[in-house]
Ligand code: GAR
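First, one chain by itself in structure tokens, the form predicted on its own.
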């Protein structure tokens, strides 16, 4: 099936760009209906406009509380026809109201190997802690911050001589591929949730090589 996708982001929108590019190239079965940013001037809005995608800024500072913000966001997403939501560098927690509207259809990308280092400082916390392995996680969203069932993870070694920013850039490379893969599995209706576990139905697709120095599980497939 084709995902009717809404993307929520807060900043540069590089993960959003990877999703847009994958949809444009046919690697991802998705019709991106709207991109919403919660910060005025967020670069992700310009990325959407360049691709002819409806874009909207809902400044969170203009709302009394988180639920009233999400109520408006849900209204805009439904009006655009979205049935699946990708949080792509979206620096806000979504409320139960939001999750009830899109049950098991809200995904997030996190720049650490959950359940380790949740929160907005995942890369910094892993780097400061001296972790030897880091990476990224794509997961379904639930009411607990970065606590939803895990779909796919990609791991890489933390190099002894690299900075936090350099580690982040290498993790970004993994994010762009794994997020698209997770969304495509959802489009193919191959994901199911049993308790805390996400199960992936098998496919005849050939395995694709992992990015250099990375372990990806479940493995990426063709074109990823």
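Positions refer to the first chain, counted from 1. Only a predicted model underlies this, so the values are computations on that prediction, with no experimental measurement involved.
Same protein, other form: the form predicted in complex with the ligand, not shown, and the subject of what follows.
* Asked: Among 172-180, 187-195, 157-165, 53-61, which stretch has residues with heavy atoms no more than 4.5 Å from the ligand in the predicted complex?
  -> In short, 172-180.
* Is residue 81 close enough to touch the ligand in the predicted complex, meaning at least one heavy atom pair within 4.5 Å? -> Outside the cut-off, so no.
* Would residue 144 count as touching the ligand in the predicted complex under a 4.5 Å heavy atom rule? -> Residue-level check for residue 144: no, no contact with the ligand.
* Would residue 148 count as touching the ligand in the predicted complex under a 4.5 Å heavy atom rule? -> Judged by the heavy-atom cut-off of 4.5 Å, residue 148 is well away from the ligand in the predicted complex.
* Exercise: residue 119 in contact with the ligand in the predicted complex, heavy atom 4.5 Å -> Yes, residue 119 lies within 4.5 Å of the ligand in the predicted complex.
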